[in-house]
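Here's a solo chain for you in structure tokens, the form predicted alone.
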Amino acid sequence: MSKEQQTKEKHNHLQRFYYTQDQVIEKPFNWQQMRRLLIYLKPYSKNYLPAAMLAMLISTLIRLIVPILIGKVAIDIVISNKNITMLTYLVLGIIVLYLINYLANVFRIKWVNMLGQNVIYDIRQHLFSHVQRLSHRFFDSRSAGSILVRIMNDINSLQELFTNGIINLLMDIVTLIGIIVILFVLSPKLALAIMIILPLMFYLTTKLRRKIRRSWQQVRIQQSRMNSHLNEALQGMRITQSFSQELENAEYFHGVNSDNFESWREATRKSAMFRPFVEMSNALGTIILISYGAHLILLGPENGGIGIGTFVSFAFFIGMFWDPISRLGQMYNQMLMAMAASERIFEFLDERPNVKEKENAYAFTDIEGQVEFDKVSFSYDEKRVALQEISLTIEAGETVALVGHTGSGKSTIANLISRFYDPVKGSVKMDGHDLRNVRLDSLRQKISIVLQDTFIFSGTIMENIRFGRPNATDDEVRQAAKFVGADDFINRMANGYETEVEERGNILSAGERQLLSFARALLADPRIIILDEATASIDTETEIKIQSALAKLLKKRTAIIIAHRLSTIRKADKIFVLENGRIIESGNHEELVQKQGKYYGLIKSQFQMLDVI
């Protein structure tokens, strides 16, 4: 297969992968969904919203009054009677009205922007807080990029709706109703003649609704795909460069970028069809006004016609009439975009954690640290069984090691202890309490986990160590770092504990990041510590330095160690050997070596000489 074919196949695979995650939502446009979105306005219904609406009503009322003053009053009354004094007062009055209109618009824009920004802040905060509480299964099936798109891009799509859209929608509706009422009061015949074209316009624009909505949903999906690929490409840049795959990566991105471009082009093309329809309606309305309006002027008011002042007012109002209709068309597009975005936002908000917390869940105040697995079975999906009726007991204060080949179920046991997942069958208990009956925060506050690929956040070294215990003092942070042997390399850095580690701790070596994770775990002062290949990234010399620290760290704490290094495993109170999700051997180091079973084989293959044992 050629490189071009490989790139194309990879692109097609990405399309299929995201199609299963972010399909276009085939739900009809409904106001119930929009009302759910508008609930976020409720906290501001007593300040910004009424103030903005009042300013909008004042502005709209002035815009409706001025054409009547110019047409009916100025032409039919003042000019007809040649009353210069009244004309002067009328001009001054119109000037004052325009000044009031200017001030009303200034405050309206200010208040709606404050309203919109507050609502967007609330929605984004709500979504992020909700996503943080979702179970690991949610993140297993979604890329970080697709989640990022919903928290950032999709919510940004709502900004125009809340900053201008809602108030402008109300203003345009009030304006249209006001204009229609005034036109029928001025001349029912002429008003009816002009309004006859509205059904045609609404019919033509309505035909596009479903297509436009679907196209904007497709835009969101393509943005999600592109952001996911960018996230992956940037994180894997070192691998890309080390294999000289920059050109292939660029070609692949070209395909993803092209799909995003095409989706935007299609959506904007369909959306752009609204304004030509409105302009066509405007042209037809103007033709009707001139032709039929001139006929009514010739008839005269006494014969059922209209005066010149009425015609002038009509001309003003017709010019004003099509603008709000045009904006309503644009507003509908905006609402379609908002609906497409809100459906994706609410899809996440409607997600419920697979690991559910009961309302009357038991809260740990303190724990001994005894862990029991009672015939536990677990699978990540239907095809992959991770654990098969595992039963084991870890006494409080014991150090237990889990060994076995990759995929044997070691990390799954650690995940179940932290209740990142719930078992399919059986139960996991801590101090006799089924974890499904325990509050998650009270459980996880008693556990610290150190992973092989530890995550370091942007910020200072001090902030990273303090992450699990934000109220710790600086001295406590330094003591924790000294305890695990991290203090030496920290003090050698330019700003010591205040050194910025950059994204994912890029300025630190793998071993230094691991030492920080040890300090972070120690500072949290847990009752249970889980070390998942925690010393894999530390060189032998450094590991020797922290062995005594680990002994102190694990003392009087329950420890679950997942590791292959003999130096860590041999001192464990118990060692469980796993294979294909089952425990096939258990005992301490000496007992398992004497059995010369699976554990003995693992040790022998690792060190390749019995003398080391």
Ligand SMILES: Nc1ncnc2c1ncn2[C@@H]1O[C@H](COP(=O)(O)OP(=O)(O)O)[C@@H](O)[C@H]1O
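Just count from 1 along the sequence shown to find any residue number. Here the structure is a predicted model, which is why all the values come from computation and not from measurement.
There is another form of the same protein, the form predicted together with the named molecule; it is not shown, and what comes next is about it.
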property	result
A341, I490, M171, A386 - the one with a heavy atom within 4.5 Å of the named molecule in the predicted bound form	A386
Residue (of Y421, W322, F316, Y252) lying close to the named molecule in the predicted bound form, criterion heavy atoms within 4.5 Å	Y421
H405: touches the named molecule in the predicted bound form, heavy atom cutoff 4.5 angstroms	yes
Interface membership of S411, the named molecule in the predicted bound form, 4.5 Å heavy atom rule	yes
In the predicted bound form, Y380 touching the named molecule (heavy atom, 4.5 Å)	yes
The named molecule contact in the predicted bound form: D140, any heavy atom under 4.5 Å	yes
Candidate stretches 144-152, 411-419, 467-475, 367-375, one within 4.5 Å of the named molecule in the predicted bound form by heavy atom	411-419
